[in-house]
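Below you will find one chain, with nothing else, as structure tokens; this is the form predicted on its own, and questions on how it binds or moves follow later.
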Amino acid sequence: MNKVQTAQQAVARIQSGMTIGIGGWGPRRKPMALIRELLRSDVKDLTVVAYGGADVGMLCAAGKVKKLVFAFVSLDFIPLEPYFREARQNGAIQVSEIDEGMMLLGLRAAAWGVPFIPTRIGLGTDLVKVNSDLKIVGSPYDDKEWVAMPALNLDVALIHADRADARGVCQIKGPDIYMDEWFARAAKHTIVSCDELVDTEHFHQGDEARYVFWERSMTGTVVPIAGGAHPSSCNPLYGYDSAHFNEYCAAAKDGGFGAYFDKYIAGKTEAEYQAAVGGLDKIRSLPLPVY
């Protein structure tokens, strides 16, 4: 089965009002080319589930987010993502702020087809007080109470991987896959952009198959886009573009997101975007961050 599509074809599946999950972590291995394609669309009123970075900030700034389910939104070296911060402070979006462990359980519940997973995470904290999505349930076996973390059922998941084949086998060789495999399993349809489209034989060599973390049946669409994580990193292929992130954040004070959007995204193809940021060779030369 050939699951390869263009970014435009893949993103056309996303409709207003859907719940989408975005893989990656802050400024690390985000499916930014897919996010840019989504920004060019007329989709709105999205519920977004993510460990957010510029993906969340851009979608908030473009008015496409109705509700955000998140554990944090950060660019790491820039602690607060400016456009998310503005949307949060202005009350422009609904939010469900949860613990990182809760997000893992919510994705697992969706993947396993159960309505919730009980957990001790959150007991005794204000998370339960301020988050109406969370409920306290009693145990049928003893007198203890648990937080019921609801399933984070996703209509679509967007993920960026190092390599994939046309059948949907995806490979991530970075030091951390974050929770991308659970985003893939929690979604009705998973769209994976990748830096390189390879033959299936690639995964039969050496220990290459060890870096495949979810079943190919969980991948609905493969979108080959070299450099498609920029300006976030895709370790070990390239690091994040700190200079570009600084420009992106500075725009929040110097005219807002519209100026950035017009310069880099509006009316442009992904090839034109990459040319505007210095080209693919420059992206691939970005040094890997050390954490």
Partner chain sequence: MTNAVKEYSLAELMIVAGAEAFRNDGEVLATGIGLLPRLAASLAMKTFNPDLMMTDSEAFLLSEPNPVSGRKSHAGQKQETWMGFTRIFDNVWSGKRHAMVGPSQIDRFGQSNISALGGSYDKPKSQMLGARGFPGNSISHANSFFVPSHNKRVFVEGECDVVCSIGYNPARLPKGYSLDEVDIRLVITDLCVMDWQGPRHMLQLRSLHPGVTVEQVLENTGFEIHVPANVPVTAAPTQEQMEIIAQLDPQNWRAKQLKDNPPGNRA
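Numbering follows the first chain given and starts at 1. This one's a predicted model, so the numbers in the text were calculated from it and none came from an experiment.
Form predicted in complex with the partner chain: not shown, discussed below.
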Does Y211 reach the partner chain in the predicted bound form, with heavy atoms at most 4.5 Å apart?
no
Should G124 be counted as a contact of the partner chain in the predicted bound form, where contact means heavy atoms within 4.5 Å?
yes
With heavy atoms only and a cut-off of 4.5 Å, decide whether H204 touches the partner chain in the predicted bound form.
no
The partner chain contact in the predicted bound form: W182, any heavy atom under 4.5 Å:
yes
Are all three residues W112, P115 and E215 in contact with the partner chain in the predicted bound form, where contact means a non-hydrogen atom within 4.5 Å?
no
Identify which of A166, A71, A151, A148 has a heavy atom within 4.5 Å of the partner chain in the predicted bound form; exactly one of them does.
A71
Determine which one of 151 to 159, 94 to 102, 215 to 223, 186 to 194 lies within 4.5 Å of the partner chain in the predicted bound form, judging by heavy atom distances; exactly one does.
94 to 102
Going through 57 to 91 from first to last, which residues have a non-hydrogen atom within 4.5 Å of the partner chain in the predicted bound form?
F70, A71, F72, V73, S74, D76, P79, L80, F84, R85, R88, Q89, N90, G91
